[in-house]
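Quick setup: one chain, the form predicted alone, written in structure tokens, and binding and motion questions come after.
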């Protein structure tokens, strides 16, 4: 009887023992503001600046959109294409990756696809050279991110517009391209879909499709992500949006969130939608020359200073920037283009290469709003540590804050860079930047440029003029005032250049 009583007592005592429960938010981190980005979208935004390489049949015809009936023998590179030269030039320009156009609307494929004879053979001749494989290999060798443009629209095949095209050609072509590497960062699907084409016949004809449903996007996403989990599907794939122009600029107000965009002329393309229901960040594309594809009549190049201005108006406005560098008939970039890219890289390195607002450069920071309720590290000092995974946050229910950086000495300031910790959602709706030498008299920084959204990255020039480097503002202190926010501000970085 005593043994039974002791057993019952132990059992009862065990039921009273506290259970070890894992808390979902043990350090009371700020709550997310939905919608949130997928990890692949964050990594894609961190790429910031990358290249487009339009090369293919249109390089030899002078066209921008081939009609789909150009003889295969027209594609005749005078030398083997040199993707390593393309990507090295992009790297010299400060880019972090590149996307090769391996199939445009004309349907000619720059890899030996099993879906059509209208492609390179894969042999060691210039005309048979497997550009897709060489491009992926070169990117890996240079430590660059890489991906492919494959046009959903195919003007060369009689199957386009039928049910068979998607299953027998388009999806299989995308799957073939995924075999060239499981670490691709973007697959680019053009927004131009349907219209006049050769379509395997002798006379031109017009075919139309519903791009929202025709390409079987759910299966496309599943197939690509299965082998390339960090690959963002641009355009038709629905994981990033076109910014609405091909001129290298985004809206000064630019949200990473929007509603699904199915047309090419959406009013929110440049600015996103503050109340959107999906994370759909913007990409801005632009040409560095007279055309997307190289041609004798298009062999002129945009000045480096203009390209730098585009960088400020894309990457500096919460978008990514994809700049086209077209190889010529010999499969190489022209000397003038290579020189321009080197000069652009120098501008980026000299103007945005030395951040005064870092602990290593002697900067210190204070904020008028700090957190006492959170047990994790959300101190203002996180802004200066050059670590994007750390961030500053206030207590709950606080949507304003003044953050003041002491640069340690007077500096000539040309740009202020702001970044939110976007893994918790985009929040800031209004802010102001000011400078001072004595903490008493403050002057507004940035001219009349709208200071509304920040997002992944915002770059504010001293006068608001992206085309004028200027003489700089001489100041020791920089104050960023968060004036309005969807929720608690979470700031990962403030850079001063």
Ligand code: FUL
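These numbers come from a predicted model, not from an experiment. Positions refer to the first chain, counted from 1.
The form predicted together with the named molecule is left out here; the points below concern that form.
Participant: Look up in the model of the complex whether residue 457 has a non-hydrogen atom within 4.5 angstroms of the named molecule, and give yes or no.
Facilitator: Outside the cut-off, so no.
Participant: Is residue 190 near the named molecule? Define near as a heavy atom within 4.5 Å, in the model of the complex.
Facilitator: Taking the distances in the model of the complex, the answer for residue 190 is yes, it comes within 4.5 Å of the named molecule.
Participant: Please run the contact check for residue 155 against the named molecule in the model of the complex: heavy atoms, 4.5 angstroms, yes or no?
Facilitator: Outside the cut-off, so no.
Participant: Considering non-hydrogen atoms and a 4.5 Å limit, does the named molecule approach residue 149 in the model of the complex?
Facilitator: Residue-level check for residue 149: yes, a contact with the named molecule.
Participant: Could you check which residue among 309, 411, 198, 105 gets a heavy atom within 4.5 Å of the named molecule in the model of the complex?
Facilitator: Residue within 4.5 Å of the partner: 105.
Participant: Let me know the one among 285, 313, 420, 258 whose heavy atoms come within 4.5 Å of the named molecule in the model of the complex, would you?
Facilitator: So the residue touching the named molecule in the model of the complex, by this definition, is 285.
Participant: Counting any heavy atom within 4.5 Å as contact, can you tell me which stretch out of 432-440, 466-474, 445-453, 59-67 lines the named molecule in the model of the complex?
Facilitator: Selected stretch: 59-67.
Participant: Counting only heavy atoms, which residues in 37-57 are within 4.5 Å of the named molecule in the model of the complex?
Facilitator: Residues within 4.5 Å: 52, 54.
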